[in-house]
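Given as structure tokens, the chain that follows is alone and in the form predicted on its own.
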Amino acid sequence: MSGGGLVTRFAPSPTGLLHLGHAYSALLAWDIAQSVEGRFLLRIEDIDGSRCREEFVGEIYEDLTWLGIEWNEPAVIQSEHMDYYEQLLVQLEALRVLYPCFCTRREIEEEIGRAGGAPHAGETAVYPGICRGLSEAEQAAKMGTGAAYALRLDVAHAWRLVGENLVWQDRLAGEIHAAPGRLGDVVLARKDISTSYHLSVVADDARQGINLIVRGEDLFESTHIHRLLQALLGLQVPQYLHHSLVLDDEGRRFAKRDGAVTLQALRGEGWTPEDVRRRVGL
């Protein structure tokens, strides 16, 4: 993939200030696009209204501008496109690959424990399918009580529908055969929010024409689910580049709670964009 047809993106959530890890991902995507006269787009992933803050959106723009990054179109704001995600949910419901889950977090953890599958430290627990077998009558009865629920993807059923032979290309890892069952029946929406990270990121990457997704290796496993959603919804399949994470002096990944390494803090200490590039290895 080369030339002006390449489109990359940076898609932060406004839940805090950008840090060195964000800078690396954004600069890498920007540099790749610039190297082939491609396009770089910005998306603000703000569907989690309980954690996202408008003031952080302005800080994101300021930090990226300070780094010398320009985006080719106005930033896409996810919360302004909820109707689009609802349309995709309707498509998935027509395929009968969604089911309502009424479990609380505690119930899920207890069920996993009883099954002898408690995760090790640092691992993500896979939902054990507690509500997958509910009949339509049982689902309707629970919904009728006003109980909160999430819509989960029936991965096994969806996998059978698409033929169980999906791949994607990663610029570092090569050809990867999708294995979406590794993440279990992920949540695609909630009763009060018609999308989730998995659905919205796949939908927006396709709608924006992103054909090279540059993001951290911590999201590599999510791509198994994303490839399945692309197949179910008939969306284009981009290339991926899952880069290594920027680590602090103690070998830990940076997080938004690490205020000392935010770009704003470093700027206040006199850092320049060139200093940031040297620190992250670009």
Ligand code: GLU
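Note that residue numbering begins at 1 and tracks the sequence as displayed. All values reported here derive from a predicted model rather than from experimental measurement.
The same protein also has a form predicted together with the named molecule, omitted here; what follows describes it.
No residue in the set Arg39, Trp71 and Arg207 has a non-hydrogen atom no more than 4.5 Å from the named molecule in the predicted complex.
The named molecule is not drawn, but in the predicted complex it has no heavy atom within 4.5 Å of Glu59. Interface residue remark: Arg215 is counted as part of the site for the named molecule in the predicted complex, having a heavy atom within 4.5 Å. Contact check for Leu247: every heavy atom lies farther than 4.5 Å from the named molecule in the predicted complex.
Using a 4.5 angstroms threshold between heavy atoms, Pro12 counts as touching the named molecule in the predicted complex. The stretch in contact with the named molecule in the predicted complex, judged by heavy atoms within 4.5 Å, is 193 to 201, chosen from 131 to 139, 193 to 201, 96 to 104, 164 to 172. Looking at 36 to 62, the one residue that comes within 4.5 Å of the named molecule in the predicted complex, counting any heavy atom, is Glu45.
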